[in-house]
Structures are given as C-alpha cells and as structure tokens.
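Have a look below at one chain only, the form predicted on its own, in structure tokens format.
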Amino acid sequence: MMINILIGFGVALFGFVLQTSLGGINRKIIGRLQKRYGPKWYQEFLDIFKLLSKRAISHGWLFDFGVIMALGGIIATATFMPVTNSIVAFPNYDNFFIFVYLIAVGMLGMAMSASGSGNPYASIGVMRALTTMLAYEVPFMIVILTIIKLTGTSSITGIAEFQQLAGNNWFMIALPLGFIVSFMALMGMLGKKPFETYIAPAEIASGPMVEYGGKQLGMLFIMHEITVFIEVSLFVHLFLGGAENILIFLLKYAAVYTLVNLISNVYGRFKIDQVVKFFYKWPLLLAIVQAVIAVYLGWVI
C-alpha cells in the first residue's frame, strides 16, 4: 500500500511538472504566433516559486482552510490517474466516477475559500464557475455513459485498453459526435475561451482569484496545473486510446492541450447566459444523438 501511495504522489508531481512546463511552452508558441517573443518556457515555475516565498493576507480560517482543501483534493484526485497501461498507482480504483467525486472536493474547497473572502467579485466568479460546470457536464456525462455502456467498464485503464484491442477504433473515430461534444466540454473545464466566464478579468477582476496573493495564490496555481493535467489526461484515455508507453502519452497530451490553446486564442468570451444556452443546445443535442446511434442502433465506426 505504501508503494502505491508513493506512486500516486509521484503521478501528481509528474502531472504538475508536465503541465507547468507545457503551459510555459504554449505561452511561447502563442507569443510567436502573435509576432512577439513570449515569456521563457519555465516562467510559470518562477512565478509559482516566487509566490510561495511571499507572505499572504488572510480573511479568516475559512479562507485559508478552503485553499488547503482545494489543493489537497486535487492532489488526491491525481494520485488515481493512470499515465500508461502499466503506470497506475491504484489499479482497481481508476474508476471514472471516483474522479468525478474527488475532483469536486477541490472545486468545493476553492468555492468555499473564495466565498469566505467577502469580496463580491469572488462570489460572482464562484457562481459563474458552478453555472458553467453545470452547463458542460450534462452533455459530457451523456457521452461518457455511452462509452461505459459500449465498453462494459467505467475503469479509465479498461476503457483505454478496449480502444487498443485489434479491430477497435479510438472513440475519437468511433464516436465522432461525442468526441466533438467532449472537446467543447474540455475547453469549458479548462476555462478556455469562449468559456472563460468565471475569470473574466475585464468584468469581475479575475473572479474567484481576486483576493488571493502570496502563498495562497501559489498553492492555487499548483492546484490549477494539476487540475489541467487530470482533465486533459482523462480526455486522452477516454477518446485517444490511452497510451502503451510514456512517450505516446506525452505526445497525445501535448497535442490535445496545444490544440485547445490555439483554438482559445482566436475566440472572444461568451457571456454566462450564452455559455449555458450554448451547451444546452447543440452539444446536448449531439450527445443525445450520439447515444441513440451508438447504444440503441448499434452504429459504431
């Protein structure tokens, strides 16, 4: 059990280093596309370590405890994440629904802390974040339940191995409508444009993050990087066939995250009501159509 725990924390540390490095590289790529140099690829590490070295202002025990709860919940979630078919800290517990429950602990901790700050901009940002989450999770869950029905398992590793079997395609190909819906949901999960409604710096001064600084903001940056690692990794395993080795995982992960960033940087931002209407219109319709086609009609590519 101790070895499993150490492997789990190793996966969380790997996810933090991977995503922070890739985030810096993507900032460099976007900078070059916009005809500027952009920051150094390791700038995000410098920012986090600088914040962790600073003092922070507290708004009470709820404000401080929520940050710890948020970071702890996300780290705990990451320990269950499979990287490849063989790198799994807890082989019998990499269940999709475990990720749904555990990642909610981190999100609720963040919401509790931000609301405890007393700043109305933070409360508005939290409400926007929860509203956006409710919007994209409904069509996303329909697609995932379709995949679970087709594979007969809710294990992330099991779903990835199903796609690797001879004669089976990745669900990106087998469920094209579901893939499109889930990619849009992924952009909502990552808070990328046009779904960047809960941060909205021009409207609500960065939303939930408005009152944070120093060590607390540094901890939330770490939480954010690990959260992105979890969400992108889930997408890779569910729709791109997972990975037989670490190199394949890195290539798929980098391709998905870079594509999300490239799309995000050519869009404006929706209003919060537009986000809800959008996800409850086309993505929800496409998810239902995909479920009917795959489950009831048995048409799978």
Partner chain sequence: MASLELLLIFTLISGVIAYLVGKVHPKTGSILTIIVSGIVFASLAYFGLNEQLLTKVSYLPYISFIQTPLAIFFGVLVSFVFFMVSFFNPYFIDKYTYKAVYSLLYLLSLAGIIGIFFTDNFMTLFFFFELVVWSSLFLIPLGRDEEVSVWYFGFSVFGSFALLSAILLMQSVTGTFDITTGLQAVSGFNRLSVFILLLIAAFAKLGAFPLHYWLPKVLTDSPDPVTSIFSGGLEKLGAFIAVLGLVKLVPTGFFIDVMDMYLTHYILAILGSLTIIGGTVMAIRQDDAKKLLAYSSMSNGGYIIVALSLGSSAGISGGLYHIIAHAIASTAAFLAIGAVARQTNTTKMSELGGMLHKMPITYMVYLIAIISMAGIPPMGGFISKWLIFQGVINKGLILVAAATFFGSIGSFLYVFRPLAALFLGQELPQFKETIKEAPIVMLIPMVILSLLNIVTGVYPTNILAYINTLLVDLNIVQLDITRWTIVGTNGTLNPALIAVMFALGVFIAFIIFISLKKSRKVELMDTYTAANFIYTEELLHYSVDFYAPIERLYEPYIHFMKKFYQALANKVREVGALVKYYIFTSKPEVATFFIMLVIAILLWGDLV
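Bear in mind that the values here come from a model prediction, so they are computed numbers and not experimental data. Numbering follows the first chain given and starts at 1.
Keep in mind that the form predicted in complex with the partner chain is not shown, yet the notes after this line are about it.
- Put simply, of E161, E211, E225, E231 only one has a heavy atom within 4.5 Å of the partner chain in the predicted bound form, and it is E211.
- Taking a 4.5 Å heavy atom cutoff to the partner chain in the predicted bound form, the contact residue among I87, I180, M127, I173 is M127.
- None of the heavy atoms of L240 is located within 4.5 Å of the partner chain in the predicted bound form.
- Contact check for I288: a heavy atom falls within 4.5 Å of the partner chain in the predicted bound form.
- The partner chain in the predicted bound form is approached by V276, whose closest heavy atom lies within 4.5 angstroms of it.
- Using a 4.5 angstroms threshold between heavy atoms, W282 stays clear of the partner chain in the predicted bound form.
- Along 82 to 107, residues F90, N92, Y93, N95, F97, I98, Y101, L102, A104, V105 each place a heavy atom within 4.5 Å of the partner chain in the predicted bound form.
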